[in-house]
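The chain below stands alone and is given as C-alpha coordinates, in the form predicted alone.
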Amino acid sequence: MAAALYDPDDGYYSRSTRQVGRSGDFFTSVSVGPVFGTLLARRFLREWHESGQPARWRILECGAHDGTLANDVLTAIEKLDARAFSTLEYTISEPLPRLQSTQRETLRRFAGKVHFPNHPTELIDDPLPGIAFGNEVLDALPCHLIEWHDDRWFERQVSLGGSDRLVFNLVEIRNPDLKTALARLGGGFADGYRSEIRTGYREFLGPLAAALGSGLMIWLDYGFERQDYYHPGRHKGTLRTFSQHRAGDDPLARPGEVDLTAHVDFTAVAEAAQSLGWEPVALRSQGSWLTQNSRDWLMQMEGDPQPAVLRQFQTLTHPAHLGAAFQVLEIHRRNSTP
(Lines give C-alpha, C1' and ligand atoms only; values in the text may rest on other atoms or scores of the structure.)
Protein backbone atom coordinates (compact mmCIF):
# COMPACT_ATOMS: atom_id res chain seq x y z
CA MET A 1 0.00 0.00 0.00
CA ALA A 2 2.86 2.37 0.83
CA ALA A 3 4.54 1.63 -2.51
CA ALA A 4 1.30 1.85 -4.50
CA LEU A 5 0.49 5.27 -3.05
CA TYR A 6 3.84 6.92 -2.33
CA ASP A 7 6.60 5.42 -4.47
CA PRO A 8 8.49 8.51 -5.74
CA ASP A 9 8.31 7.36 -9.37
CA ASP A 10 5.30 5.08 -9.75
CA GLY A 11 3.09 5.77 -6.71
CA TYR A 12 -0.43 7.07 -7.17
CA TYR A 13 0.28 10.43 -5.51
CA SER A 14 3.53 10.85 -7.44
CA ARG A 15 1.97 10.55 -10.88
CA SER A 16 -0.04 13.79 -10.96
CA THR A 17 -1.75 16.41 -8.81
CA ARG A 18 -5.21 16.10 -10.34
CA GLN A 19 -6.71 13.33 -8.22
CA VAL A 20 -9.10 15.60 -6.30
CA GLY A 21 -12.28 17.25 -7.59
CA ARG A 22 -14.95 16.56 -10.15
CA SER A 23 -12.42 15.86 -12.90
CA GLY A 24 -10.31 13.62 -10.64
CA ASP A 25 -10.85 10.38 -8.76
CA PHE A 26 -12.50 11.57 -5.56
CA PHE A 27 -14.23 14.57 -3.98
CA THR A 28 -13.19 16.12 -0.64
CA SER A 29 -14.36 18.96 1.57
CA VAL A 30 -11.68 21.16 -0.02
CA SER A 31 -13.41 20.66 -3.38
CA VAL A 32 -16.56 22.38 -2.07
CA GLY A 33 -14.88 25.79 -1.94
CA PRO A 34 -12.95 28.14 0.38
CA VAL A 35 -15.49 28.04 3.23
CA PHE A 36 -13.92 24.84 4.57
CA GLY A 37 -10.51 26.50 4.88
CA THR A 38 -12.09 29.62 6.38
CA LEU A 39 -13.77 27.64 9.15
CA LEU A 40 -10.58 25.72 9.89
CA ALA A 41 -8.71 29.04 10.08
CA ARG A 42 -11.21 30.33 12.64
CA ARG A 43 -10.66 27.24 14.78
CA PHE A 44 -6.88 27.66 14.50
CA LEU A 45 -7.12 31.31 15.54
CA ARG A 46 -9.22 30.39 18.55
CA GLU A 47 -6.50 27.95 19.59
CA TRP A 48 -3.88 30.70 19.16
CA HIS A 49 -5.86 33.03 21.46
CA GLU A 50 -6.58 30.32 24.03
CA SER A 51 -2.89 29.42 24.21
CA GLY A 52 -1.95 33.00 25.10
CA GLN A 53 -1.21 34.43 21.63
CA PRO A 54 2.37 33.09 21.43
CA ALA A 55 4.90 35.33 19.69
CA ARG A 56 5.70 32.46 17.31
CA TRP A 57 3.33 29.67 16.36
CA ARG A 58 3.16 26.93 13.76
CA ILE A 59 0.49 25.30 11.63
CA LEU A 60 1.69 21.96 10.27
CA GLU A 61 -0.45 20.54 7.48
CA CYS A 62 -0.15 16.90 6.45
CA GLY A 63 -1.34 15.67 3.08
CA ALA A 64 -1.64 19.16 1.60
CA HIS A 65 -2.02 17.79 -1.95
CA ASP A 66 -1.90 20.76 -4.38
CA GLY A 67 -1.91 23.45 -1.64
CA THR A 68 -5.49 24.62 -2.16
CA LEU A 69 -6.52 24.13 1.47
CA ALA A 70 -3.35 25.83 2.73
CA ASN A 71 -4.11 28.79 0.47
CA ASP A 72 -7.68 29.02 1.81
CA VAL A 73 -6.50 28.83 5.44
CA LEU A 74 -3.73 31.41 5.00
CA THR A 75 -6.00 33.80 3.10
CA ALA A 76 -8.56 33.64 5.90
CA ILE A 77 -6.03 34.12 8.74
CA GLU A 78 -4.45 37.07 6.93
CA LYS A 79 -7.87 38.70 6.62
CA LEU A 80 -9.13 37.89 10.12
CA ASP A 81 -6.11 38.62 12.34
CA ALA A 82 -3.05 40.50 11.06
CA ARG A 83 -1.06 39.95 14.26
CA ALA A 84 -1.64 36.21 14.32
CA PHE A 85 -0.73 36.05 10.63
CA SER A 86 2.50 37.98 11.15
CA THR A 87 3.71 35.55 13.83
CA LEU A 88 2.63 32.37 12.01
CA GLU A 89 4.88 29.79 10.40
CA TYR A 90 2.87 27.58 8.04
CA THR A 91 4.58 24.26 7.38
CA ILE A 92 3.80 21.55 4.83
CA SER A 93 5.64 18.28 5.21
CA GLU A 94 5.83 16.94 1.67
CA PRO A 95 8.46 14.42 0.50
CA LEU A 96 7.10 13.96 -3.06
CA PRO A 97 8.82 16.42 -5.44
CA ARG A 98 5.90 16.79 -7.88
CA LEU A 99 3.44 17.63 -5.13
CA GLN A 100 5.84 20.02 -3.40
CA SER A 101 6.45 21.86 -6.66
CA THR A 102 2.70 22.28 -7.18
CA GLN A 103 2.23 23.44 -3.60
CA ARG A 104 4.94 26.08 -4.01
CA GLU A 105 3.23 27.35 -7.14
CA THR A 106 -0.22 27.45 -5.51
CA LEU A 107 1.20 29.29 -2.48
CA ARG A 108 3.51 31.63 -4.37
CA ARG A 109 1.74 34.65 -2.85
CA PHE A 110 2.76 33.40 0.60
CA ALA A 111 6.41 32.72 -0.23
CA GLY A 112 8.46 33.14 2.93
CA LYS A 113 5.45 32.36 5.11
CA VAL A 114 5.27 28.68 4.11
CA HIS A 115 8.05 26.17 4.79
CA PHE A 116 8.49 22.78 3.12
CA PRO A 117 10.49 20.28 5.19
CA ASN A 118 10.63 16.77 3.75
CA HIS A 119 9.66 15.35 7.14
CA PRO A 120 8.43 16.79 10.48
CA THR A 121 11.57 15.47 12.20
CA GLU A 122 13.38 18.43 10.63
CA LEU A 123 11.38 20.70 12.98
CA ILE A 124 11.97 19.02 16.32
CA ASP A 125 14.98 21.19 17.20
CA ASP A 126 12.69 24.24 17.06
CA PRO A 127 9.33 23.18 18.53
CA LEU A 128 6.59 25.80 18.45
CA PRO A 129 3.09 25.82 19.90
CA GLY A 130 0.41 25.46 17.29
CA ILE A 131 -1.69 23.06 15.27
CA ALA A 132 -1.05 19.92 13.25
CA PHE A 133 -3.89 18.80 11.03
CA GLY A 134 -4.83 16.77 8.00
CA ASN A 135 -7.92 16.33 5.87
CA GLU A 136 -8.30 12.73 4.66
CA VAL A 137 -4.73 11.78 5.55
CA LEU A 138 -5.08 9.00 8.11
CA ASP A 139 -7.18 6.85 5.76
CA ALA A 140 -4.23 6.75 3.34
CA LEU A 141 -1.72 5.45 5.90
CA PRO A 142 -0.70 1.86 5.10
CA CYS A 143 -2.61 -0.84 6.93
CA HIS A 144 -2.41 -4.57 7.59
CA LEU A 145 -5.17 -6.79 6.20
CA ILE A 146 -6.42 -9.39 8.67
CA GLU A 147 -8.75 -12.37 8.48
CA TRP A 148 -10.25 -14.57 11.21
CA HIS A 149 -10.15 -18.37 10.93
CA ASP A 150 -10.33 -21.16 13.50
CA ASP A 151 -10.48 -18.77 16.46
CA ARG A 152 -7.40 -16.73 15.54
CA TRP A 153 -6.21 -13.98 13.26
CA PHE A 154 -4.16 -14.39 10.10
CA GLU A 155 -2.61 -11.69 7.94
CA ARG A 156 -3.42 -11.34 4.25
CA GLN A 157 -0.11 -10.68 2.52
CA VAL A 158 0.64 -10.00 -1.12
CA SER A 159 2.72 -12.33 -3.28
CA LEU A 160 3.19 -13.20 -6.95
CA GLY A 161 0.90 -15.88 -8.31
CA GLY A 162 0.68 -17.48 -11.72
CA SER A 163 1.34 -15.28 -14.77
CA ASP A 164 2.98 -12.77 -12.43
CA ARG A 165 -0.38 -11.72 -10.98
CA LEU A 166 -0.52 -10.29 -7.49
CA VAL A 167 -2.50 -12.50 -5.11
CA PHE A 168 -3.31 -12.65 -1.39
CA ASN A 169 -2.06 -15.42 0.88
CA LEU A 170 -3.03 -16.04 4.51
CA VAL A 171 0.04 -16.24 6.74
CA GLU A 172 0.78 -16.67 10.42
CA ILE A 173 1.18 -13.37 12.26
CA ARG A 174 4.71 -12.82 13.52
CA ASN A 175 4.89 -9.01 13.68
CA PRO A 176 4.94 -8.15 17.44
CA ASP A 177 3.31 -4.73 16.91
CA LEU A 178 0.51 -6.34 14.93
CA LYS A 179 0.03 -8.99 17.63
CA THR A 180 -0.27 -6.28 20.27
CA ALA A 181 -2.79 -4.32 18.23
CA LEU A 182 -4.89 -7.41 17.51
CA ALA A 183 -5.00 -8.30 21.21
CA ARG A 184 -7.15 -5.20 21.74
CA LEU A 185 -9.81 -6.50 19.34
CA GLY A 186 -10.60 -9.69 21.25
CA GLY A 187 -12.13 -12.64 19.38
CA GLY A 188 -15.37 -14.40 18.61
CA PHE A 189 -15.58 -13.34 14.96
CA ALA A 190 -17.13 -15.52 12.26
CA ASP A 191 -14.77 -17.53 10.07
CA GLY A 192 -13.76 -15.45 7.07
CA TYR A 193 -14.26 -12.11 8.83
CA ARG A 194 -11.95 -9.58 7.15
CA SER A 195 -10.81 -6.15 8.22
CA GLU A 196 -7.82 -3.82 8.45
CA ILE A 197 -5.65 -2.57 11.28
CA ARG A 198 -2.91 0.05 11.45
CA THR A 199 0.09 -0.18 13.73
CA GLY A 200 1.77 3.07 12.64
CA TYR A 201 -0.35 5.82 14.22
CA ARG A 202 2.18 6.51 16.98
CA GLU A 203 5.04 6.61 14.48
CA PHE A 204 3.02 9.08 12.40
CA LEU A 205 1.96 11.34 15.28
CA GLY A 206 5.27 11.34 17.19
CA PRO A 207 7.25 13.73 14.95
CA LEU A 208 4.25 16.07 14.74
CA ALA A 209 3.95 16.16 18.52
CA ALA A 210 7.68 16.88 18.82
CA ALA A 211 7.48 19.67 16.23
CA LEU A 212 4.72 21.40 18.22
CA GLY A 213 5.49 20.71 21.84
CA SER A 214 2.00 21.86 22.77
CA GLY A 215 -1.20 22.80 21.01
CA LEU A 216 -3.83 21.04 18.99
CA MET A 217 -4.13 18.25 16.45
CA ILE A 218 -7.19 17.97 14.22
CA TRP A 219 -7.85 14.94 11.99
CA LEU A 220 -10.81 14.89 9.62
CA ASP A 221 -11.51 11.55 7.96
CA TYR A 222 -13.73 8.59 7.29
CA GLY A 223 -13.83 6.27 10.27
CA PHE A 224 -15.36 4.89 13.43
CA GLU A 225 -14.60 4.21 17.05
CA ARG A 226 -13.17 0.73 17.58
CA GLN A 227 -16.38 -1.03 18.62
CA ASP A 228 -18.09 0.19 15.45
CA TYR A 229 -15.12 -0.42 13.17
CA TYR A 230 -14.91 -4.10 14.12
CA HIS A 231 -18.64 -4.69 14.31
CA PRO A 232 -19.57 -8.27 13.32
CA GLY A 233 -21.72 -6.92 10.50
CA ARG A 234 -18.76 -5.13 8.90
CA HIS A 235 -17.25 -8.44 7.82
CA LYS A 236 -15.64 -7.39 4.54
CA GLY A 237 -13.60 -4.47 5.90
CA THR A 238 -13.36 -0.98 4.48
CA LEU A 239 -10.38 -1.14 2.09
CA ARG A 240 -11.41 0.36 -1.24
CA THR A 241 -9.94 1.71 -4.45
CA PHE A 242 -11.16 4.91 -6.09
CA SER A 243 -10.84 5.92 -9.72
CA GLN A 244 -12.95 8.51 -11.53
CA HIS A 245 -15.31 8.65 -8.52
CA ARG A 246 -16.01 4.93 -8.66
CA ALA A 247 -15.21 2.63 -5.75
CA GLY A 248 -13.63 -0.76 -6.31
CA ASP A 249 -12.95 -3.72 -4.03
CA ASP A 250 -9.78 -5.20 -5.61
CA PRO A 251 -6.76 -3.44 -4.09
CA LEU A 252 -4.37 -5.50 -6.25
CA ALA A 253 -5.82 -4.22 -9.52
CA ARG A 254 -3.84 -1.45 -11.22
CA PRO A 255 -1.44 -0.68 -8.33
CA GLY A 256 -0.18 2.88 -8.51
CA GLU A 257 -2.98 3.92 -10.87
CA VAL A 258 -5.85 4.11 -8.37
CA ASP A 259 -6.33 5.50 -4.89
CA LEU A 260 -6.26 3.09 -1.94
CA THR A 261 -8.08 3.96 1.27
CA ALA A 262 -9.29 2.27 4.44
CA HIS A 263 -11.35 3.85 7.21
CA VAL A 264 -9.75 5.10 10.42
CA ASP A 265 -10.01 3.48 13.85
CA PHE A 266 -10.22 6.70 15.85
CA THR A 267 -9.86 4.81 19.12
CA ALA A 268 -6.43 3.63 17.98
CA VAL A 269 -5.47 7.18 16.99
CA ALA A 270 -6.55 8.46 20.41
CA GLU A 271 -4.56 5.75 22.18
CA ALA A 272 -1.45 6.60 20.14
CA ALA A 273 -1.85 10.27 21.05
CA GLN A 274 -2.23 9.44 24.74
CA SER A 275 0.97 7.40 24.65
CA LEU A 276 2.72 10.60 23.50
CA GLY A 277 1.28 12.71 26.31
CA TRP A 278 -1.61 14.24 24.33
CA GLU A 279 -5.29 14.01 25.23
CA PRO A 280 -8.22 13.37 22.88
CA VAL A 281 -10.88 15.95 23.70
CA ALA A 282 -13.56 15.60 21.00
CA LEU A 283 -14.76 13.19 18.33
CA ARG A 284 -17.73 14.47 16.37
CA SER A 285 -19.22 14.26 12.93
CA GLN A 286 -17.92 16.91 10.56
CA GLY A 287 -21.37 18.48 10.41
CA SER A 288 -21.59 18.85 14.18
CA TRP A 289 -17.98 20.03 14.54
CA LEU A 290 -18.17 22.66 11.80
CA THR A 291 -21.53 23.94 13.04
CA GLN A 292 -20.20 24.32 16.58
CA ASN A 293 -17.12 26.19 15.35
CA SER A 294 -18.99 28.49 12.99
CA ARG A 295 -21.58 30.11 15.25
CA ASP A 296 -19.90 33.52 15.33
CA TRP A 297 -19.29 33.36 11.59
CA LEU A 298 -22.94 32.53 10.90
CA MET A 299 -24.15 35.32 13.20
CA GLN A 300 -21.98 37.82 11.32
CA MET A 301 -23.91 36.97 8.15
CA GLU A 302 -27.31 37.72 9.68
CA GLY A 303 -28.92 40.47 7.65
CA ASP A 304 -26.41 39.97 4.85
CA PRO A 305 -26.74 36.35 3.73
CA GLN A 306 -24.41 35.10 1.03
CA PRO A 307 -26.21 32.30 -0.84
CA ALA A 308 -23.09 30.82 -2.49
CA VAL A 309 -21.24 30.73 0.83
CA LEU A 310 -24.20 29.19 2.66
CA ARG A 311 -24.51 26.51 -0.03
CA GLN A 312 -20.89 25.54 0.61
CA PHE A 313 -21.59 25.39 4.35
CA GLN A 314 -24.65 23.22 3.79
CA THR A 315 -22.70 20.78 1.62
CA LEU A 316 -20.01 20.51 4.29
CA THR A 317 -22.43 19.99 7.19
CA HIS A 318 -25.64 18.38 5.94
CA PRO A 319 -25.87 14.65 6.84
CA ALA A 320 -26.95 13.82 3.30
CA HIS A 321 -23.79 15.42 1.90
CA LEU A 322 -20.43 15.48 3.73
CA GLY A 323 -21.61 16.23 7.26
CA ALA A 324 -22.10 12.61 8.32
CA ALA A 325 -19.48 11.01 6.08
CA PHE A 326 -16.50 12.38 8.01
CA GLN A 327 -15.51 12.42 11.67
CA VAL A 328 -13.31 15.03 13.35
CA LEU A 329 -10.91 14.12 16.16
CA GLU A 330 -9.36 16.89 18.25
CA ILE A 331 -6.30 16.15 20.40
CA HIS A 332 -4.81 18.66 22.84
CA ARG A 333 -1.63 19.14 24.80
CA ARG A 334 -1.42 22.19 27.00
CA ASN A 335 1.92 23.65 28.02
CA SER A 336 2.39 23.40 31.78
CA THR A 337 3.28 27.11 31.91
CA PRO A 338 0.27 29.43 31.32
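All residue numbers refer to positions in the sequence shown, first residue = 1. The model shown is predicted, which means the values in this text are computed figures rather than measured ones.
The same protein also has a form predicted in complex with a small molecule, omitted here; what follows describes it.
Considering the small molecule in the predicted bound form, the lone stretch of 73-81, 154-162, 105-113, 134-142 in range is 134-142 [heavy atom distance within 4.5 Å]. The candidate spot formed by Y6, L96 and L99 is fully in contact with the small molecule in the predicted bound form: every one of the three has a heavy atom within 4.5 Å. At a distance threshold of 4.5 angstroms between non-hydrogen atoms, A270 is out of contact with the small molecule in the predicted bound form.
Although the partner is absent here, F204 lies within 4.5 Å of the small molecule in the predicted bound form, judged by heavy atoms. At the 4.5 Å threshold, heavy atoms of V30 reach the small molecule in the predicted bound form. Put simply, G37 is far from the small molecule in the predicted bound form: not one heavy atom of it is within 4.5 Å.
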